[in-house]
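Quick heads-up: the structure tokens below are two forms of one chain, split into structure 1 and structure 2.
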Structure 1
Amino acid sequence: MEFAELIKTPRVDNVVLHRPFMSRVEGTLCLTGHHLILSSRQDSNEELWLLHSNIDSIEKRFVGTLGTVIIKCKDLRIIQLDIPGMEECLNIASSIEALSTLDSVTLMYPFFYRPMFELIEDGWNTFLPEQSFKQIESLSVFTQWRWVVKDLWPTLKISLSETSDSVARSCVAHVRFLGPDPNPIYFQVMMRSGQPLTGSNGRRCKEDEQLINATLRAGKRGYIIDTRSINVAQQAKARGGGFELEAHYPQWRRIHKTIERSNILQESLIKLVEACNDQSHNMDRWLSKLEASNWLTNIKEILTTACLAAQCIDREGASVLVHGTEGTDSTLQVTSLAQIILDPTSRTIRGFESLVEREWLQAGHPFQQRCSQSAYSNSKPKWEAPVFLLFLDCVWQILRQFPCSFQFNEHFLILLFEHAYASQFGTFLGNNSFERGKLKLPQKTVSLWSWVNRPQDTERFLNPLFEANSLVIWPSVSPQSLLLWEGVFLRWNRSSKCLDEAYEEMIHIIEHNKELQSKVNTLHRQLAELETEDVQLETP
């Protein structure tokens, strides 16, 4: 298919762009296969480049022959274009509509994007699963664990060598040691999986029981955290799913927690964004809409469950198995957040990237399905759900509570949110490793990490307050401690100039401190050198 077929009018002059908190721009509007470009032509910096894939919905209105197109983006921004001429306006609108809803993945921009920067390190090779597991494998404790490579979910996993591969589900372990020296006696495993397929007639699977039970040594206890309420888990039996019966998994204790499922989460996002964009209402309506959106309730539930998992590991010294239904949504929220709490490396930039790779991309979170629409879409959501955004929001909440313990800043989280929904990079394309492999993404697209990890680009994501902190960080989950993530949800609704300037000032203070420190050190050295010289002179 040629993009040209979809572009009915490639260029319109005298288009006026309105954006919140910015002055209007008049210029020429161009449509390309992947971008909507508006250029004022006078001033080169007055340009808007908008990826078609970032467009969530468009609306058109007419006053006489002046058409207005309102574009609502997946990053929650809303812009307005005034286009003279009814025909042009209609053409533009329908072209945008067609281009922003392309079916085929291979027509997406990442397949066409050529980086303008020098590739220092190919992000596709930075976080290969082999590396993260090899480390574990090398430890003697895990002689009974081995690699299993499979086509489908997930690409690589650890399973126990004595059990067969045809278990009802697969587990992926994240191993954590207490203390700097991995003492083989004290270790806990955090695993995730899909639900067991017990069905309504209580099917058993010897291999599964063997696999799960074998991870615990005699006398040890483990916790199975089911992210569904007991009722939902019961209902899942009718569809062939289910949960572990204690009788068959005697060393394990099951705990049910309630994390909402995809369509409810999508609705929650839509309501929240609607509340944030409605500026007409009074305090009572704002608070009741915020409450009705349930967004922060979801945040609280997810964080609470993650804390519970972390607590089992850190305080109980127990191993944990987390699962929901598929093990690709709420499960990942819990396991990845638990690692943020427990593991200081996951609070560094590299560590966090590796976490996203391991716990989200390789674990088969269906990014393409979940992120194909955001809060403004008119179509009824099918698979869309802000599961990843909720995870990022939770990380932000922890970051707010431990502002010095993260190497990255809020901006890094916002970047990941944007790129999960629309990107020039191939990282978040596809629904699982298998699909990504078929699409040959590493060969045909550029990885987001290739760009982010360039030192000059990393700089803006660094948290100036960061001081490595090897401790476990327990966030507060009380409602008073959780906040609306203004950086995402109010980003386009208020001016952040004053806050940005204050942040710069803070960076300045920190930089100044470093400079002064090095200056004082240099002076000390100089003085010391002089003094030794003096001594030498005095004692020939």
Structure 2
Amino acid sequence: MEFAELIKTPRVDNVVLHRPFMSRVEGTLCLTGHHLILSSRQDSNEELWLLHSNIDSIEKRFVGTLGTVIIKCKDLRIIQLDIPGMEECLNIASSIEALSTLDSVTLMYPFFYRPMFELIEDGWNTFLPEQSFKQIESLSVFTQWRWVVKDLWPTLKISLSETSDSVARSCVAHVRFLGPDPNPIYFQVMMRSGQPLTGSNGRRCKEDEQLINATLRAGKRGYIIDTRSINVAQQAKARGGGFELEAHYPQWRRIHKTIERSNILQESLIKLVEACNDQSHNMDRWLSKLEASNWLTNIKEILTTACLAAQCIDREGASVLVHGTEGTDSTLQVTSLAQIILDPTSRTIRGFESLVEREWLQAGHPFQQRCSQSAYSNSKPKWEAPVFLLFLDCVWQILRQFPCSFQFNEHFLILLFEHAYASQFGTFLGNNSFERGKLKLPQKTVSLWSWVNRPQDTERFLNPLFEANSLVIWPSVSPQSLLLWEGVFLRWNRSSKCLDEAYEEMIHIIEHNKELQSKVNTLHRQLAELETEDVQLETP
């Protein structure tokens, strides 16, 4: 298919662009296969480049011969284009709709993008599974352990030292639901998987019991955290799923911590964005809509469950197995956040990238399905859900409570949110590693990490308040401690000028403090040298 077939009108003059808190721009609108571009007549530096894949929905309005196209984006911004001529407006709207809903992944921009920057490192090879296993094996506390990995990484074969490969294969293949992706069972102190396939007749698998028990330390019991309610877990048995029976796993305590399913989370996002965009309501109406969205409630439940998993590990030294249904949504939220709480490395830029790669991309979170629509889509949600956005929001809540413990800033989290939904990079394309391999993404696209990890680009994501903290950090999950993430949900609804100025002033103060501290250190050295000389002169 040629993109030209979908573009009915490639160029229109005298188009006016309206954006919140920015002056109107009049110029020429051009459509390409992947971008909507508007160039200003007055200011050559004033340009809008919008990826078609970032467009969630469009609306058309007409007043006489003047047409208006309102574009609602997946990053939650809304822009308005005033287009002269009804036919031109209809053609532009029709072309945008067609180009923003391409079915084939290989027609998306990452397959056509050619970077203008020098590739210092290949992000596709930065966080390979083999490297992660080697790093863990190098830790003395884990030297007795090895791991079981299914077909997710065909070239990687690792097994649990105390359990035979045949037992491992039997367990992984038959009694753990792994969803559409051959998901790994990750053996450390903390594990993740899909639900056990016990079914309505209470099917038992001794290989699974042996494999799970092999992670227990002598004299210790383990915890199974199920992210479904008891009722949902019971209902799953009728469909061949289920949960671990206490009689078969006597050394494990099962705890149900309910995290909402994907369709509920998508509705929550839609309600939240609708509330944030409604500028007409009073305080009571705003608070009522915010509460009705249940967004902060979802944040609280996820953080509470992650803290529980971290407490079992840190305070009891217990093994923890986390699973929901498929093990590719709420399970990943919990295990990822628990690692951020426990592991200071996960709070660095590279450590967090590694966590996203390992716990989300390689673990089979279906980004292509979950992020195909955002909050404005007119079509009924099927697979879409803001699972990854909720995880990033939880990280932001912890970052806000511990502003000195993270090497990265809020802009880094917002960047990941934006690129998960629409990007020139191939990192978040596909639903699992198998699909990415089949699409040959490492050979045909550029990794997001290749750009982010360039020193000149990394600098903008550094937290100026960062001080390395090796301690465990315990976030508060009380209602008073959880706030709406304004940097995502309100950034297009109000001016950020004051916040930007405050941030710049903070950086100025920090830099000035460093200069003064350097002068103090220099004076201390000079004083020590003078005292040494004075002692030498007094010595006979």
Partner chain sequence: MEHITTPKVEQVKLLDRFSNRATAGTLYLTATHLLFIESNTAASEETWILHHHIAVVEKLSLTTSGCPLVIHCRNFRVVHFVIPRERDCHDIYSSLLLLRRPASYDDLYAFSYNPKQSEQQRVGGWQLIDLASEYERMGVPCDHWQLTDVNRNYKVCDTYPRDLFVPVSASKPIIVGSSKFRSKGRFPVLSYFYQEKKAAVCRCSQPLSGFSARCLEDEHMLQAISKANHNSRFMYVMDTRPKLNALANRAAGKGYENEDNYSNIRFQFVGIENIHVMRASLQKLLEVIGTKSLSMTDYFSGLESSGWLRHIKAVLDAAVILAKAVTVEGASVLVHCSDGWDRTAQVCSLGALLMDPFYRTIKGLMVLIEKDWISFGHKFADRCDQLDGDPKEVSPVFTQFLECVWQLTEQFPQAFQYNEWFLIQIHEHVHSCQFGNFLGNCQREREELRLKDKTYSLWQFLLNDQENYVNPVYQPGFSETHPVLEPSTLPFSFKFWRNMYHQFDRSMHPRQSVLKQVLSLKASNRDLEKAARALEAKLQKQGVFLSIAVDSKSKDPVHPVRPKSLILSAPLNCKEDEQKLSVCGSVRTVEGSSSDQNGYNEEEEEPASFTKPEPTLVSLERGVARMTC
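As the structure is a computational prediction, the values presented were derived from the model and not from experiment. Here, rigid core means the biggest group of C-alpha atoms that superpose within 1.5 Å across both forms. Quick note, the numbers are simply positions in structure 1, starting from 1.
Looking at the condition given, the form predicted together with its partner chain, one finds it describes the source of structure 1 alone. After superposing the rigid core, the C-alpha of Glu515 moves by 2 Å or more between structure 1 and structure 2. When two forms of a protein are overlaid on their rigid core, residues whose CA moves 2 Å or more are considered shifted, and Ser23 is not one of them between structure 1 and structure 2. After superposition on the rigid core, the Cα of Asn14 moves by less than 2 Å between structure 1 and structure 2.
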